[in-house]
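Just one chain is shown here, as structure tokens, and it is the form predicted on its own.
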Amino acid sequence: MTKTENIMNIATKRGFFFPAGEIYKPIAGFWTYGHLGTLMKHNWENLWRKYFLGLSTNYFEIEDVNIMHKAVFQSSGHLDNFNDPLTECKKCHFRCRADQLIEDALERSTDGLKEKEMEELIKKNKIKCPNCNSSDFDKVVWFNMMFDLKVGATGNETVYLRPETAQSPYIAFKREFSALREKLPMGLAVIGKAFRNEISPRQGFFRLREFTQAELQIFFDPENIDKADNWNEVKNYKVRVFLTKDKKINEISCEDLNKKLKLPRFYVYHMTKIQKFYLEVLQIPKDKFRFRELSEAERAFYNKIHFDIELDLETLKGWKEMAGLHFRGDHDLGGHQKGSKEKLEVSIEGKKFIPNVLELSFGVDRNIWALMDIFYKAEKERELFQFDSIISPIQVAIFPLLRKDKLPEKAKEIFETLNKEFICSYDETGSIGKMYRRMDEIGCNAMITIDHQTLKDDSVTLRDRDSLKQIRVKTKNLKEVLKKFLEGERLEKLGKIV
């Protein structure tokens, strides 16, 4: 099997995620998180929440509805502009995204291409329909991806599922600005669901119709865009960027990004924080991370500066977008001020202005897939995820060597003690070897076995998932030893290898 098939097999078999409603015919683009996937997703979200909201004392999280008034999306421009290129096979009438059809067949980017250009590429290269193998396609047209609903008994009022979480902070800005004592910069974060009627969802778990975003919208005075607190702490830090003109990754200091490339300090500062989140918190290898600059033709018209955060994924054959950092100007609050007739400009120290927005936008689900791609490992006798303990769905597994001689009772006693401080699992079904393999497979970091020696001297075996090495640990010292191990200390420094 391919790496993608192996990961998907573990994910569906062990309870990370699986197609929603699979006892019926599943609908493409909808997935259910199982018990392990939910644990891992919550771990990721909590890491994101703690890290990014910790960047300022004036950054907070809000939670909004998924269904929104039609006027919200008229003002935001989604009803007019939230479109994907659609083409249809003339033979079998299979509909698909024209840009994805080209990217899959030619392994090239379609960013910035117009409808006619995509039509010509499809025709010139005789790209075949993925459903019937025909190469006769209709014209490329734009398809709006919004999900519409009817509200009320009469069904006369049309509303929409939000296609992004960003609009929630924008329409909540006035209320929150007042509640937070009218200070800027002010950040409003949302971790929640968004919905897009993708034409033909593909790439399994990567492109979904219902998905979770983690976004931070930072409202600030545009005159302060070239200012950043603690600039001296980051000015020499090097950021991995793929610039449009260079077509390669360069590591450029923040000072040079600011002075030579004219990127404002406020923007660059947040680039450093995003890079550190991936490299230092999530432990992503440096060579698999980059910021990719989007050209003027590629980015949305309202984005003044736009870099995508990309990871190099083997399962998806290259660099894929995980997040984005967007300087959106006053487009959002300006549009909602015009559409709602509510004043969204602020007055600070006698100066009136519409705050600008810096957006940090992350796709949670695709980040989960990326972690599974990067940390998957196939060995001769086992498959495993080498997750860091901060992201692992299960950190510690406890097993009795046998289901007799009071070993299960002792194992459950230890489980109850450890489960108060660590994410633990208890298992007594199958041989010890099979239990180890199951836990390796889901990425569990540490495994504790209770055996007959435990009943004699109150010590247990602690096994390292990665090295397969083991030490004996007294139960009274177990919490302390586990804490050090899960924080990264090598097993051989914590006890004698047995």
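We call the rigid core whatever largest set of C-alpha positions still superposes within 1.5 Å between the two forms. Keep in mind that this is a model prediction, so the values were computed, not measured. Residue numbers run from 1 along the displayed sequence.
One more form of this protein should be noted, the form predicted in complex with a further copy of the same chain, which is absent from this view; the next part is about it.
A.B. asks: Mind telling me which stretch in 286 to 294, 141 to 149, 102 to 110, 374 to 382 gets its heavy atoms within 4.5 Å of a further copy of the same chain in the predicted complex?
C.D. replies: Careful reading of the contacts points to 141 to 149.
A.B. asks: Is K479 close enough to touch a further copy of the same chain in the predicted complex, meaning at least one heavy atom pair within 4.5 Å?
C.D. replies: Result no; K479 lies far from a further copy of the same chain in the predicted complex.
A.B. asks: Would K484 sit within 4.5 Å of a further copy of the same chain in the predicted complex, counting heavy atoms only?
C.D. replies: Result no; K484 lies far from a further copy of the same chain in the predicted complex.
A.B. asks: Residue-level contact is defined here as any heavy atom of the residue lying within 4.5 Å of a further copy of the same chain in the predicted complex; does Y33 satisfy this criterion?
C.D. replies: Answer yes; at least one heavy atom of Y33 falls within 4.5 Å of a further copy of the same chain in the predicted complex.
A.B. asks: Might K259 be said to contact a further copy of the same chain in the predicted complex, defining contact as any heavy atom within 4.5 Å?
C.D. replies: Although a further copy of the same chain is absent here, K259 would stay clear of it in the predicted complex, with no heavy atoms inside 4.5 Å.
A.B. asks: Go through C132, I390, A71, L243 and name the one with a heavy atom inside 4.5 Å of a further copy of the same chain in the predicted complex.
C.D. replies: Checking each option against a further copy of the same chain in the predicted complex, the one that comes within 4.5 Å is A71.
A.B. asks: Since exactly one of S75, Q213, N303, T272 fits, which has a heavy atom within 4.5 Å of a further copy of the same chain in the predicted complex?
C.D. replies: Only one listed residue qualifies here, and that residue is S75.
A.B. asks: Is it the case in the predicted complex that G15, E61 and D427 each bring at least one heavy atom within 4.5 Å of a further copy of the same chain?
C.D. replies: Yes, the whole trio is in contact, each within 4.5 Å by some heavy atom.
A.B. asks: Align both forms on the core first, then report whether H93 has a C-alpha shift of 2 Å or more between the shown form and the other one.
C.D. replies: Yes, H93 moves 2 Å or more.
A.B. asks: Relative to the superposed rigid core, does I390 relocate between the shown form and the other one - that is, does its Cα move 2 Å or more?
C.D. replies: Comparing the forms between the shown form and the other one, which are aligned on their rigid core, I390 does not shift its C-alpha by 2 Å or more.
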